[in-house]
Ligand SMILES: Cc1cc2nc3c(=O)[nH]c(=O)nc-3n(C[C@H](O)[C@H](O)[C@H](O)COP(=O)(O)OP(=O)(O)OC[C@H]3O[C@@H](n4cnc5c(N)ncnc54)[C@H](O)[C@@H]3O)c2cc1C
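A lone chain, given as structure tokens: the form predicted on its own.
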């Protein structure tokens, strides 16, 4: 069945076309969508090419940085104000992939991909849809969340952000899992910590039990041990060609403990 390709000049036009058809998909860098096309995925009936320049912009909005969904990993790495995200973007594929893969596309990349999405979730990012509606990134990753055309990602820089990617091939193999954590400690105690695993479910997932163990506590050995013991609680790893669900559950506490010890 042929696939129709449409180009739209504005976000509003693209949003209307996206809403009108469940078979419509947004083309960004193509690293996710074109794989589906090449595999003859029957769910792809129409490809929408948004040409609105806002999708390629990076700008400051108060305390947040607004990143267009079409901004590539290479552009994130090169941008001075996105230094907190650069270490994560550098671990996405090789140079050719990073020049095409977009931050918006990474939000919809199935595990074990989507490491940048996990980092944004840990940072408490929000998204703005093509219709202009703002929503927390948490809502986009909830089970059975409605489809969304993401136009912009809003994220506040953090000096308390930490990230680790676990892979069998170093430094840039496919993730067994990755862990992103935002660990603010005003007054020496953790306040609203956010810990996100990618690769421990179909989408990035917050380790809520570990977050509760950390909240209000100093980042000491006892707190770290308690949080690590709860690392996999509530998560849903799956078997795949990279690792088994059993292995992921076994190593998740080890890698969370190491991340927390490095942050202490």
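Remember, it's a predicted structure, so these values are computed and weren't measured experimentally. Positions refer to the first chain, counted from 1.
The same protein also exists as the form predicted together with this ligand; that form is not shown, yet it is the one meant from here on.
### Message
Can you tell me whether residue 91 touches this ligand? I mean in the predicted complex, with a 4.5 angstroms heavy atom cut-off.
### Response
Yes.
Margin query: So, residue 100 and this ligand: in the predicted complex, are they within 4.5 Å at any heavy atom pair?
Written below: Output for residue 100 is yes: heavy atoms within 4.5 Å of this ligand.
Does this ligand get within 4.5 angstroms of any non-hydrogen atom of residue 173 in the predicted complex? Judged by the heavy-atom cut-off of 4.5 Å, residue 173 is in contact with this ligand in the predicted complex.
Would residue 119 sit within 4.5 Å of this ligand in the predicted complex, counting heavy atoms only? Taking the distances in the predicted complex, the answer for residue 119 is no, it never comes within 4.5 Å of this ligand.
query = Quick one: which of 27 to 35, 220 to 228, 207 to 215, 57 to 65 gets within 4.5 Å of this ligand in the predicted complex, going by heavy atoms?
reply = Result of the contact check: 27 to 35.
Inset, instruction - Using heavy atoms and a 4.5 Å cut-off, decide whether 69, 108 and 113 all contact this ligand in the predicted complex. - result: Yes, each of 69, 108 and 113 comes within 4.5 Å of this ligand in the predicted complex.
For this session: Using heavy atoms only and a 4.5 Å cut-off, determine which of 76, 190, 137, 150 is in contact with this ligand in the predicted complex.
Result: Contact with this ligand in the predicted complex is made by 150 alone.
Using a 4.5 Å cut-off on heavy atoms, which residues of 151 to 165 contact this ligand in the predicted complex?
Result: 165 alone.
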